[in-house]
Ligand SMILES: Cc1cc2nc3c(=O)[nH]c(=O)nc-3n(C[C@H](O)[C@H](O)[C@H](O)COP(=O)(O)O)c2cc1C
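Next up: just one chain, as structure tokens, the form predicted alone.
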Amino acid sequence: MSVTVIYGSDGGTTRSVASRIAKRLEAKTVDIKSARPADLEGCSLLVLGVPTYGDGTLQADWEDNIETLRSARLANKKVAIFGLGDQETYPESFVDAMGILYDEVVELGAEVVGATDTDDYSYVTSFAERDGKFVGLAIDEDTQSSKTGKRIASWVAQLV
């Protein structure tokens, strides 16, 4: 299985999580700033990583390069999404950006895989929660970093 992890990161936390996921999946990583549609299309599993900013917006690099995603041919492509957020500081928009990317790839015809339970998180609402599950892997490096390794391992096992 060929896997590509595309991520956006300002402070480096999402890049670090992307690297950890890529290592487990033997995948290449590409920053969304330098990604081309071919990077998104040329794999059997596409993994997208995005932090949520403030009140639930996309990270700036994703926002600036969203057309790269929109111009990729993703119909029937398996896509998994992970999102970073802070459930204590932003409990009403926890990992919302993950939900934004989910809607984008679903509109392009992708098959989203890797939904996870919302158990063991403490937030009010999330745009990434659909039918009682997160649309992908929710990571909170601010308040639950000790759980990240186990969450990544479990999620990657689900994907493969």
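So that there is no doubt, residue numbering starts at 1 and follows the sequence shown. Every value quoted in this text rests on a predicted model; they were computed, and no experiment measured them.
One more form of this protein exists, namely the form predicted in complex with the named molecule; it is left out here, but the text below deals with it.
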*asked:* My question is simply whether S145 lines the interface with the named molecule in the predicted complex - judged by any non-hydrogen atom within 4.5 Å.
replied: no
Q.
Is G149 part of the interface with the named molecule in the predicted complex - any heavy atom within 4.5 Å?
A. no
For this session: Examine G56 and determine whether its closest non-hydrogen atom to the named molecule in the predicted complex is within 4.5 angstroms.
Result: yes
*asked:* How about T13 - does it come within 4.5 Å of the named molecule in the predicted complex, if we only consider non-hydrogen atoms?
replied: yes
Exactly one listed stretch (94 to 102, 65 to 73, 129 to 137, 27 to 35) reaches within 4.5 angstroms of the named molecule in the predicted complex by non-hydrogen atoms, and it is 94 to 102
Contacts from 79 to 101 to the named molecule in the predicted complex (any heavy atom within 4.5 Å), listed N to C, are L84, G85, D86, Y90, S93, F94, V95
